[in-house]
Ligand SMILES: Cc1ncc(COP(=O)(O)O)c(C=O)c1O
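To begin, one chain is listed below as structure tokens, in the form predicted on its own.
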């Protein structure tokens, strides 16, 4: 992207801040006015169906060199701003999916444009070091200013990675090393361990396992796939490990009408967790750790109560298992807390917390006892990227200065309330509306209707995403505000009213 284009976008953002958008609103008496920090468009603008002719042409071109079946449409990122994604056919859409929940403060945010224009930052973007052996001079300070400034309570150690999958994969390795060191006690690594690990045999490669939950998604690398149980397409044809899989609670909504039933469901799942830990210990496949998402995201936006997670934490502690909280999709503020597990209000909520997506980079926070005991044990060439960390620091500044976590609470209330109203109007199309902050979802009757709703909504100017077998999930940016929520609700009301 040229500096001239970046400057033009910055100027545009400043111009936009003086405008007031008043989209039609059926849910409140007056639409929320834009504030001085807004930099996006006033609304959607649709010129063709999506994908349009140019997108279809590019899909054909890409298909000649790789499988492009998952591509929705091609984007014009230079013209995308704030909450609006522009495609190559000139369609401007309100984006409530934000690159699978990975855009924190909108497209082409002026603060990030300015960051890239500063000459002193050029080296960080040009040179990508092998951080494990040759970090830049200011790397420790940059981590303190960015990731460690928002570290989960009780976790002051950090390892950066490039994505969510490699974050979880290396967190698993840290757990296994920690557990084996507990078993060794003061003993040194034996010659037998050194020799057998080279041929994939115990005791050098112990038969440890990670307990995960049905419906969970933790990544597509081999270890992560063993803990992933959201869709067959992720796992088909891939060899895997014999690791335990516990049921995750399937809650009934509205929650206040099914208190007893939901308590019984959570108790059933927790009992199964304990049974599996004991069963696998007898099989000599010791459960070294438990991994769980605060909200199962890819698996269908499945929630559980704070009490469920508190009891799960206690089970992990009782059986000597590490407790790993996967915040790859929930971390960064969209749930109304910077880390979704903060809702659990526990003194000791996690041993390890993984992150990526809205955090710009990947990695995991961990307690001191999970620190690698030798070089190269948790390692790869890049171990993240300083330029992403630099951008994250600016993102965190924007989040704090503009109160965007609180904004997610407020905008989430508007979105959630509107979805409940639509559910009441169209119960044949919507059920089980749920959410925290703007991290909302509902169920369609089936996969076919879900996909049709997403497509028709996109052609009306709003981008949504699916999850699980029949859910539609909402993952807007942190600069998504009341008036954006009301604008979407009006669009979606029209889609539902005309749905055939």
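Positions refer to the first chain, counted from 1. Computed from a predicted structure; not experimentally measured.
Just so it is clear, the following notes concern the form predicted together with the named molecule, a form of the same protein that is not shown.
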Per contact check vs the named molecule in the model of the complex (non-hydrogen atom within 4.5 angstroms), the hit among 282-290, 416-424, 198-206, 327-335 is 327-335
- Message: Taking any heavy atom pair closer than or equal to 4.5 Å as contact, tell me whether residue 357 reaches the named molecule in the model of the complex.
- Response: yes
Can you work out whether residue 168 and the named molecule are in contact in the model of the complex, taking contact to mean some heavy atom pair no more than 4.5 Å apart? yes
Is residue 163 close to the named molecule in the model of the complex, meaning a heavy atom pair under 4.5 Å apart or at it?
yes
task: Report yes if any heavy atom of residue 79 sits within 4.5 Å of a heavy atom of the named molecule in the model of the complex; otherwise report no.
output: no
If we test each of 217, 365, 339, 107 for a heavy atom within 4.5 Å of the named molecule in the model of the complex, the one that passes is 217
Interface check vs the named molecule in the model of the complex: of 298, 89, 394, 266, the one with a heavy atom inside 4.5 Å is 298
